[in-house]
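Take a look at this single chain, the form predicted alone, given in structure tokens.
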């Protein structure tokens, strides 16, 4: 049976995103983020997004560009820079609202959506400030003999998921080659539409040339479109293909100090298409 061809362009992906949607972005902090797709969102007219992410510069860039109304995050960090500065500015100014979740709560929320159940019970979050910060959270009582009170983690349902992998085939199978799968599979499972960018598209029978079977994290059943975007996670890391561009990240972080720095950075790196971006960073 032939592998279906799900190749699309960056513009095709962005055309799926509408004002007010909830989008999930894979990766972790400043690691293996689908930055080529994020940069395309910056150039689009879309606005009022809710962004769900183990956040990094994806969240900061979208907030600074005025695309975000609300965030759902366990953290927003550049890893080597502890707090994403554009996200911090957006929160301090009140430009975006935020749902604060423990990392485990966010995992369970995505898992609940992927399993198509309204919530998952957990001890995670009990006794912490998250229930005070979000009084909409509810508890449930175990129906078994223990009768334990548990926190009901609501499903985090996504309209669109965007992820980045090291390798993929035309059918949408995705492979990570770095040290961690993160939760890209859960983002895809929780979403109505799922798009994956990859460093390189390879033949399906070559997917195991660089990694073991367990590195095939993303099933083609979980993907609606795949985009080949070499260096597409820059400036985040995409090991082993490349590490984080620390010098560029520091340059980006410095733009949070004022409008002039940001507008100069945006004009140089972000206003053109992805080809122009890749040429500008050489």
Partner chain sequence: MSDAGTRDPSTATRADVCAAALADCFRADGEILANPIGNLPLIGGRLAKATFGPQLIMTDGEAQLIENVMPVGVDGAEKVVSHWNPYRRMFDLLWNGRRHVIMGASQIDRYGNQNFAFIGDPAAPKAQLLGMRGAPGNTINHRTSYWIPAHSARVFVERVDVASGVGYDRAAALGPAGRFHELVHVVTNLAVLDFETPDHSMRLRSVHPGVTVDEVVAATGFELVIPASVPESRVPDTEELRLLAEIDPTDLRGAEVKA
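Positions refer to the first chain, counted from 1. Just so it is clear, the structure is predicted and the values come from calculations on it, not from any experiment.
What comes next is about the form predicted together with the partner chain, which is not displayed.
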{"query": "The partner chain in the predicted complex: contacting segment from 188-196, 156-164, 143-151, 201-209, heavy atom within 4.5 Å", "finding": "143-151"}
{"query": "The partner chain: the contacting residue among 124, 137, 72, 170 in the predicted complex [heavy atom, 4.5 Å]", "finding": "124"}
{"query": "The partner chain contact in the predicted complex: residue 179, any heavy atom under 4.5 Å", "finding": "yes"}
{"query": "The partner chain contact at residue 220 in the predicted complex, heavy atom, 4.5 Å", "finding": "no"}
{"query": "4.5 angstroms heavy atom contact with the partner chain in the predicted complex for residue 28", "finding": "yes"}
{"query": "Non-hydrogen atom contact residue 119 with the partner chain in the predicted complex at 4.5 angstroms", "finding": "no"}
{"query": "Residues within stretch 103-130 having a non-hydrogen atom within 4.5 Å of the partner chain in the predicted complex", "finding": "103, 104, 107, 108, 123, 124, 125, 126, 127, 128, 129, 130"}
